[in-house]
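Just the one chain here, laid out as structure tokens, in the form predicted alone.
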């Protein structure tokens, strides 16, 4: 009971501190458009349902210059069980980007987590599976030819702990590295002008996983795969040690390829223990956003592909839906609070980029 009471009091204090923090952020005056501070694209992940909200659309278009479909351009949405395609929602996102003069970044073509019934029926059929694989990539990447600046062509290929690569329907039917080489080749065939990325997560927090990822990149390049960029998702939590993120970006940049900070958010709940001080976590969170912004800005100009935040307002974050965090204090991982007000995290990024132009 004592721990429960202390947890309740900590939650109440955290919510009060959160309000105070937001007030402090607002005392800095009007927030400049974030995209005006950066000579590189500043991206945000979106869903079509959110774009229908005028307040959301106005905030998004004011601060961001690139859009990534959060989920609705993935295979699990596009490819129906009978093998036919649906493009209504990804088309709507692409149209919004065009109408607002924003760049479209597309995700994702091939992801280990996809196991669609249409491909399950073809498992073990050799050439039939390979043909369907090529046809899917040609149809999807080809539909947005000339619109998408880049694609997450292969997503999350490295095992969770960094020991080797993931087993998936693609590796079982096409070969472990072969399915990735094919994906890049087919995507280039579909849209020669798009920058084709390999993308993964926990590259900052797990050096072993980063090393495996980098060895994979080396193998794909040696095989001639048209891999043209490296995406580091950067889903991190507030306990990540200072400097770890900078080290990861610097090492990944060693290939000389464009770098995309592709899905940035900084979780408080994932970092919090029962009695962790939330004010301290918020300070760590802001410092990590600032470090990410600084590390990206320090890259050579030709390697700064884009800096993408995985959601607009805190209430839009995928972290709010996590089953392990179903009750307050809600996670607040983004740059804007539930009402669209800029937070200290916003100012940490803005301050890091001031004067960079």
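Numbering follows the first chain given and starts at 1. Computed from a predicted structure; not experimentally measured.
Here the subject shifts to the form predicted in complex with a small molecule, a form of this protein not shown in this document.
Each of 263, 310 and 318 near the small molecule in the model of the complex, meaning some heavy atom within 4.5 Å? Result yes, every residue of the spot touches the small molecule.
Could you tell me if residue 156 has a non-hydrogen atom within 4.5 Å of the small molecule in the model of the complex? It does: once the small molecule is placed as it appears in the model of the complex, residue 156 has a heavy atom within 4.5 Å of it.
Indicate whether the small molecule has at least one heavy atom within 4.5 Å of a heavy atom of residue 144 in the model of the complex. The answer is no: residue 144 has no heavy atom within 4.5 Å of the small molecule.
Is there a non-hydrogen atom of residue 291 within 4.5 angstroms of a non-hydrogen atom of the small molecule in the model of the complex? So residue 291 does not count as contacting the small molecule.
Quick check on residue 31: any heavy atom within 4.5 Å of the small molecule in the model of the complex? Residue-level check for residue 31: no, no contact with the small molecule.
For the interface check, one of 73 to 81, 216 to 224, 96 to 104, 242 to 250 should have non-hydrogen atoms within 4.5 Å of the small molecule in the model of the complex; which one? Of the stretches listed, the one contacting the partner is 73 to 81.
Check each of 184, 111, 136, 119 and return the one that places a heavy atom within 4.5 angstroms of the small molecule in the model of the complex. Of the candidates 184, 111, 136, 119, 111 is the one lying within 4.5 Å of the small molecule in the model of the complex.
Taking 4.5 Å between heavy atoms as the contact cutoff, choose which of 188, 212, 267, 233 touches the small molecule in the model of the complex. Of 188, 212, 267, 233, the residue with a heavy atom within 4.5 Å of the small molecule in the model of the complex is 233.
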